[in-house]
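There is one chain below, alone, in structure tokens, taken in the form predicted alone.
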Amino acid sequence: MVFRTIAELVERCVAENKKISEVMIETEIYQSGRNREEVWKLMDDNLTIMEQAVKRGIVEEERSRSGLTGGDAVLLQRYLKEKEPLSGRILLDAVSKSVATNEVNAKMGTICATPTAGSAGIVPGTLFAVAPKLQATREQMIRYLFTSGAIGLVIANNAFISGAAGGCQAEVGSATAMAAASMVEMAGGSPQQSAEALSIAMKNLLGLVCDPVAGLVEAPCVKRNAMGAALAMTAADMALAGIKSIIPADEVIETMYQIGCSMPSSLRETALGGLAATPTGKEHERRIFGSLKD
């Protein structure tokens, strides 16, 4: 019943002529002991929380308590209204809604961890940007989240999803892969194309370190979510165009795991290296906490 790898997931989808989201729903029913209505209701509730965070984030200009982040989603929405963005309206809308969710998180608002709080913007950001273009129903939006869950489940069971364990490649990388695969399914792509999108997205974030300034999940985290959303959309489009990854998804996930294991602790959310260790990063830390943390 339970799939362990992306290859097994795709194989089951093909054998049973089902979408990834449907296999994930059945798996959740099997593992949780809940019935279909209960599982569906829980995901519907998650979708509502994501929607509320996005709506709040794109209009609220207030900065976080640290002062490191806040108001950028509003700037992007204003830019979208006044200018023709170079990168395209839907892509930049996804970026703004990804930033919106992370800014709400930085202000201690309610968000859904997808898969973590630090990477919570990418899945809802892309979802609420792409759904209107595809005229997606509420059911399709909920299925988007189940597809994301299936990909996240495999990554979590075979590698990591937290920056503390495997660097930002594990956190933003996982969320980007989840979003890319989900967009493919929502757009009518095959399970194999979702796997290709996952691979393309994750490959391009391998090696990404986790170096939060002052140890707070704000900088560079918020902007990395923005870039993750943009990368996810590109990866989804590439897969839908028929482009394949020459390295299979499961091997990409295994590579992410091996790279994470090789990463020094200073680059795994300890705030001892990377951007957190720059003179400006340290100055922000002194300003926020009054002195450098141990």
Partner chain sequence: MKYRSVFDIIGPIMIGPSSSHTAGAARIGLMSRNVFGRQPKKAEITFLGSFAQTYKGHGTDIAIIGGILGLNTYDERMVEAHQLAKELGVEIKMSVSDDEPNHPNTAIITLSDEQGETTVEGISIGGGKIVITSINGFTSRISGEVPTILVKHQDRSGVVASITEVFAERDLNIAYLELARKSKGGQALMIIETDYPMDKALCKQIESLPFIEKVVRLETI
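Everything quoted here is computed from the prediction, not taken from an experiment. Residue numbers count along the first chain shown, from 1.
Keep in mind the form predicted together with its partner chain is missing from the figure; the text below concerns it.
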{"item": "Distance check, Arg287 to its partner chain in the predicted bound form, heavy atom within 4.5 Å", "value": "no"}
{"item": "Proximity of Gly189 to its partner chain in the predicted bound form, heavy atoms at 4.5 Å", "value": "no"}
{"item": "Its partner chain contact in the predicted bound form: Glu28, any heavy atom under 4.5 Å", "value": "yes"}
{"item": "Touches its partner chain in the predicted bound form: Leu42 (any heavy atom, 4.5 Å)", "value": "yes"}
{"item": "Sole residue of Ala129, Met141, Leu205, Leu216 within 4.5 Å of its partner chain in the predicted bound form, by heavy atom", "value": "Leu216"}
{"item": "Ala136, Leu91, Leu76, Ala117 - the one with a heavy atom within 4.5 Å of its partner chain in the predicted bound form", "value": "Ala117"}
{"item": "Stretch in contact, per heavy atom within 4.5 angstroms of its partner chain in the predicted bound form, of 46 to 54, 222 to 230, 235 to 243, 248 to 256", "value": "46 to 54"}
{"item": "Its partner chain in the predicted bound form - contacting residues of 151 to 171, heavy atom within 4.5 Å", "value": "Gly152, Leu153, Ala156, Asn157, Ala159, Ile161"}
